[in-house]
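Starting off, we have a lone chain in the form predicted alone, written out as structure tokens.
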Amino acid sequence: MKTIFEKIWEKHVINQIPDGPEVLYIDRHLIHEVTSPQAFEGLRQRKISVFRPKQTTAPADHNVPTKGEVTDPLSKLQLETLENNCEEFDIQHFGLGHKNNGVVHIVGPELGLTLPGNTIVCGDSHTATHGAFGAIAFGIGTSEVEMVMASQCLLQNKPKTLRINVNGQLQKGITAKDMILYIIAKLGTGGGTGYFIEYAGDAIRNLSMEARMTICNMSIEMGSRGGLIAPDKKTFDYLKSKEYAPKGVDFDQKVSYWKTLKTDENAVFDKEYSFEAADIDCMITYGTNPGMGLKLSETIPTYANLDNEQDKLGLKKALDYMNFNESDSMINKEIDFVFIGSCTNGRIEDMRAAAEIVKGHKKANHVTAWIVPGSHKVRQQAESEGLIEIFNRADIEVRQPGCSACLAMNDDKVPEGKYCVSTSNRNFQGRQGPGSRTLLASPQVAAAAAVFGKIVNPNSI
């Protein structure tokens, strides 16, 4: 009896190093402009080529400008270097202006490059996103990027297995982002350390593919190696028309195999948690890591309620940085910025959810609000559906695709001391800019904050 993770992992093990890691074959290697230059240079120094370039894909996303031309010298150098490296090593490159350009973890699925049963790696921690398709997907370091380029393999120690079950029905208006923030708040940022997570239960099965991607995307915020969800009809239907997905008889044969990718009934996990979907409510973070989250109906924890001095010191440091107090309610706290986008929530369903909230309204005068679609395909679809017009009427700026304000690696930064309600995945100190203060939330909560200029429950307006 095996878990889906064990089935995929074992199928990709080429060799076992005595008393060491296993040699894992990699089906799809995704690269971008930030973590690949040193790897390419390493290949040159060793006078070797990319072993299987057709299994490598390179979108430009982290340093791309979402408004205007590339002006930052470092960004320009990294983008040009990626283009030149891909040309030299015969790698598929989706650069600025390419119809398939976008955030790497949005581009892979929407093009059908992400497939069930595959092993997928990228020099980016949120590669876990692709696990929504029943794939083993995880982030790697630059030296490992070079290893995969050179051999299409990776030395890896097999993680332990953890299953997280979410059963029952979500309350009306509660999203996948609320679900994953709730789970992380319960388990903590170290709750998944050493494990690869399988998400299961009827509440997970009822999620759309895009919502499943949001869940798997933030697996890394629990410290886990990655997260996956067994593929099903929703998965197959999503992939069927995608540009690089198998076609015709080949697709049907793949589906026959993909249907076997599920955990056996009596398989044993190293650890298991269960949650009730009905207990989940609109969530928001108040601190400086994704585990510092609470329901909008709750208040910030008190020092007295924490078990040890380390936790108390951590809470104090976070609240000092955020300029919040213990027992504060997050409701009605004034905000300055709103960012809707990133590999967590930059898909068309997220654009639709935000548009539904802002339709017929204007953003608050003191708020700067950015909508950043995760890819050119998402932006084109949002335009065809009239969503961009809705945002424009609300005085909300819709930018070009890119990682944008998820991280302070491009021009889209939140100023020091300002509060940003963000649909991204991390709220570390300075993540969105030096001194910036990030509140993680769903697109609905973020959109409502843009309209009202403060934190409100979108399900009560």
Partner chain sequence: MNKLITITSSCIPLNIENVDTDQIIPARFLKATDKKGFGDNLFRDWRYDKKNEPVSDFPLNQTKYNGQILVAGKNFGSGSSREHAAWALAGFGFRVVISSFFADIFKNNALNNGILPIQVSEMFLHSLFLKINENPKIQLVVDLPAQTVCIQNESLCENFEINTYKKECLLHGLDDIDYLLKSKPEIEKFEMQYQNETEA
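Everything quoted here is computed from the prediction, not taken from an experiment. Residue numbers count along the first chain shown, from 1.
The discussion below concerns the form predicted in complex with the partner chain, not included here.
Although the partner chain is omitted here, in the predicted bound form none of Asn217, Lys377 and Gly453 has a heavy atom within 4.5 Å of it. Ile140 is the sole member of Ala318, Ala353, Ile140, Cys86 with a non-hydrogen atom lying within 4.5 angstroms of the partner chain in the predicted bound form. Only one of Thr161, Thr368, Thr235, Gln78 comes within 4.5 Å of the partner chain in the predicted bound form through a heavy atom, and that residue is Gln78. None of 186-194, 89-97, 379-387, 274-282 except one has non-hydrogen atoms within 4.5 angstroms of the partner chain in the predicted bound form; the exception is 186-194. Contact check for Asn101: no non-hydrogen atom falls within 4.5 Å of the partner chain in the predicted bound form. Of the heavy atoms in Leu74, some are within 4.5 Å of the partner chain in the predicted bound form.
Under a 4.5 angstroms non-hydrogen atom cutoff, the partner chain in the predicted bound form lacks Lys177 among its neighbouring residues. In the predicted bound form, the partner chain stays beyond 4.5 Å of every heavy atom belonging to Thr66.
Contacts of stretch 292-318 with the partner chain in the predicted bound form, defined by any heavy atom lying within 4.5 Å, are made by Gln310, Asp311, Lys317, listed in sequence order.
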